[in-house]
Ligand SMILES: Cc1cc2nc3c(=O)[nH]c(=O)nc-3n(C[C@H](O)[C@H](O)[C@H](O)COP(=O)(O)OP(=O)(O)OC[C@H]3O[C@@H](n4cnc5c(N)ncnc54)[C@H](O)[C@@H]3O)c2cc1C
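First, one chain by itself: the form predicted on its own, in structure tokens.
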Amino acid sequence: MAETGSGSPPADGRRALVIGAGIVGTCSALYLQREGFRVTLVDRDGPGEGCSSGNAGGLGIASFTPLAMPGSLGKVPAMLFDPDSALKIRWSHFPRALPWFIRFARAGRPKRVEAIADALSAALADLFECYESLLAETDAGDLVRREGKLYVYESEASFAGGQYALDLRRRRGIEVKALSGDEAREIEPALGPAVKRGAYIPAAGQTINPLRLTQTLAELFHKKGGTILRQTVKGLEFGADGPPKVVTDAATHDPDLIVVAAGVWSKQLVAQLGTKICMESQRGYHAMLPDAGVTTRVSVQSSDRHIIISQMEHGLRITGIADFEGLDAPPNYARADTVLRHARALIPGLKSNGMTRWMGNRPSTPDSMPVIGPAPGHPSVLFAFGHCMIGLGLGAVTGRTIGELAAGREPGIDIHPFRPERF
């Protein structure tokens, strides 16, 4: 069923269809609209209702450290056998995921980590500028806050172990303030005595409701004449010539331009174009506490427990877990109880009355970098997926980049590191 925008008629131009109405797809649709395209946004769910809805809300201008870091692979065996660990894997899925882990190991080499950090830091630099440009046309500027982010450590050893990542940020111009445990509690008084050290990044920000952020931007897209279709994309159809068509459970669409922004499900779609992407679902969980008994001031990330505690407008959210079980495995909501248990070690006395649990499929590449750019051999198709844990942070930047590519202009960021051919 279609929803057609009620605003002024769309500008004359080519027809674009964006597959995926998460934050990346929605921002891409808006920027394409600015370039004069007549844009249709297609998703089986409503805007933002997938992985974009349940994340930690981080808008981390300094979130360019990859998951694969020097020495990280050596920690994997112990983590897999620790019931409270942030890393989980379904052993029957491991043979299928093995190519991902091999590439993950390669991505953790020091020179590669430096190159990844360079590429992501350059892209994230325009994070706030791009969101402000979109939100300026709404009355929802309160959704984005820049109050910094606090990393906490429960021992001097873990603080020392975190210095590589902190220095990686410092070398790229990010201010990082090293703190004692008491200084960390001055910034976030809710923290208990378990915290021994901290590191504060003032430039970081967050949204107080990632779902409302995506929905607000989708409403703007709709108001400006965009079309939103709630349909399930089944695949792509190829004729003798011309661009591919998009087949859904309700219709066959023949746009001039296709943008694939379907998160982890993009892998199957782009395979039909002959593009092989190394990407896994890295399932994440959250526990949402509507009446936690505390209100935190800043986003807190535990380097020991691999969780993030974020104050949302509707309660306290605790996110965590890197769960490699595949797309076909049912959610294991006991993982959300695990992240709550970890949070209580940092903030004693958290109340869980009315708690809700959530799981989302993060589209994770082994080098922690998204796939952005033209589809090899298909100039009428653009890729915008694989953002892993920084999809929210790069959502508007990716959208702007898609608009620039579609208009035939040089992108504001270097997309070479994000090219699909790297796999």
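Everything numeric here is computed off the predicted structure, so don't read it as measured data. One rule holds for the numbers: they count along the sequence shown, beginning at 1.
Unshown form predicted in complex with the ligand; subsequent notes refer to it.
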Exercise. Would you please decide whether G57 lies within 4.5 angstroms of the ligand in the predicted bound form, comparing each non-hydrogen atom pair?
Key: yes
Quiz item: According to a 4.5 angstroms non-hydrogen atom cut-off, is R44 in contact with the ligand in the predicted bound form?
Solution: yes
Quiz item: Looking at the partner-bound form in the predicted bound form, is F221 within 4.5 Å of the ligand by any heavy atom?
Solution: no
Exercise. Spell out, yes or no, whether the shortest heavy atom distance between G226 and the ligand in the predicted bound form is within 4.5 Å.
Key: no
Quiz item: Looking at the ligand in the predicted bound form, is some heavy atom of each of Y31, L382 and T401 within 4.5 Å of it?
Solution: no
Quiz item: Only one of 261-269, 110-118, 290-298, 72-80 gets a heavy atom within 4.5 Å of the ligand in the predicted bound form; which is it?
Solution: 261-269
Quiz item: In sequence order, which positions of 375-407 have a non-hydrogen atom within 4.5 Å of the ligand in the predicted bound form?
Solution: H387, C388, M389, I390, G391, L392, G393
